[in-house]
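Encoded as structure tokens, the following chain is the form predicted on its own, with no partner shown.
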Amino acid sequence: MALGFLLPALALLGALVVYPIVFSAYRSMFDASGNTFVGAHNYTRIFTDADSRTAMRNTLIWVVVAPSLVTVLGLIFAVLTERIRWASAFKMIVFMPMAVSFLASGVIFRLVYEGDPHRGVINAVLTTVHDTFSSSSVYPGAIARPGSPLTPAPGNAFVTTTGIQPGHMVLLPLVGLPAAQLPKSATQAVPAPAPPPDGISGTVWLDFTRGGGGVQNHVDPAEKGLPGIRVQAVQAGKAVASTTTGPDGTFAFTKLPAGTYTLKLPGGNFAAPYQGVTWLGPSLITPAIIGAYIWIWAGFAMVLIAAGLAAIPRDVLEAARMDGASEWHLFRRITVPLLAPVLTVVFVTLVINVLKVFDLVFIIAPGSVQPQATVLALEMWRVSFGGGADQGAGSAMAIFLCLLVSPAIFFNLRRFRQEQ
């Protein structure tokens, strides 16, 4: 009678679990066509193929980093919830990502990590903070007008090609800037007034007339000055004076000692604005995806650890406090040892989970960097169905992944039986 009741479940498990494992093991012994027996060739390919080795390396990073950080954060959150009034709201907020599918979470974090600060949340915050303390240039891409007194210098700067004596006025035309990019404060450019005998004056302007016309290296009507450009007077390789252009692009130095000067427009005037960090690039793609995973699973770890924390006898904690133990010693010497079984179960469960991670990597990583972000589960799919069309090698990778997961599964089962 017992076997009769168990038979439907056993049949279902056989069809959905046992048969796929057995067939995958059989299929892994054949080539891509499925007609030629290749033995263990597909398994040796896992360790010799460059993409497979990258997948194993990334999977190892996931196994070491992600479960550890999630477990630690879950422990911290669980301890904090016992010391704050709004513990229920805090738990709900931290656990809420578990209610979101991995597909939706991947789409969310693909936008969060977007490189364009106008779309990516993280880069929008980074650029805002950066620009608060260090203003960005409003003239990126500007170049000197050919035939003008300016020539490029290291660090995106421009310097005058000839020495300038006090008492002279100089025109410094720039091009390469869209007129719509100019600041709203920019006004009609004018030649700077003649300087005093101990001064140098000049104009920095956009030497471009809409619709054509105008004279090169000459301030024409309707041409705009470039306000806010820093100008330095350099003598013997050292900046001895500095000023900033006005709305009409004019500037002036006064009380300069006698001598010959070079005018310099520092590179900070023309540096490209700070655009944040390339989170979805080859170097940061794996840490970025792990960050998304932590956001999702920290609530899971917190709930399980909080349940174990609630089961700790309070009289043990009170006795330790009576003996003079500080909260840190209480946490390190009593709370963590008593939570060791729960922490182990959480950690091992997360290890099993990260060995199978697929959807987050597939969705968050752009196609151009997926080879750098790939993990074993994604590589298994890619080799079998994502363009590789080699189900023999994909089946070998599936069996290899199953073997990696098995020890953690058996460890969890053994602990469950011991607890029972």
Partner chain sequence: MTAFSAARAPARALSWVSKGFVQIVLLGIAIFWLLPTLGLFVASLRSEADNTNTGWWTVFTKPAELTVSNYQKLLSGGGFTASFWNTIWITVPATLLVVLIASLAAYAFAWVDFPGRDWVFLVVVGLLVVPIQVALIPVARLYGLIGIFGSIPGVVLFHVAFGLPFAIFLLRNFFMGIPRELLEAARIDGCGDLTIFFRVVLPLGKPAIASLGIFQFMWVWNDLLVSLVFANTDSQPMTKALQAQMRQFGANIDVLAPGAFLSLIVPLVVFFAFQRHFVQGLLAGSVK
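Nothing here was measured: the structure is a model prediction, and the numbers come from that model. Positions refer to the first chain, counted from 1.
Although not depicted, the form predicted in complex with the partner chain is the subject of the following passage.
Contact check for 119, 356 and 380: all three have a heavy atom within 4.5 Å of the partner chain in the model of the complex. Comparing 329-337, 142-150, 214-222, 77-85 against the partner chain in the model of the complex, the single stretch with non-hydrogen atoms within 4.5 angstroms of it is 77-85. Residue 394 belongs to the set of residues with a heavy atom inside 4.5 Å of the partner chain in the model of the complex. Within 4.5 Å of some heavy atom of the partner chain in the model of the complex lies at least one heavy atom of residue 362. Among heavy atoms of residue 166, none comes within 4.5 Å of the partner chain in the model of the complex. Among residues of the shown chain, residue 384 is one whose heavy atoms approach the partner chain to within 4.5 Å in the model of the complex. Residue in contact with the partner chain in the model of the complex (any heavy atom within 4.5 Å), chosen from 107, 240, 271, 179: 107. Among 252, 288, 170, 304, the residue placing a heavy atom within 4.5 Å of the partner chain in the model of the complex is 304. Residues of 393-416 that come within 4.5 Å of the partner chain in the model of the complex, judged by any heavy atom, are 394, 395, 398, 399, 401, 402, 405, 408, 409, 411, 412, 413, 415, 416 in sequence order.
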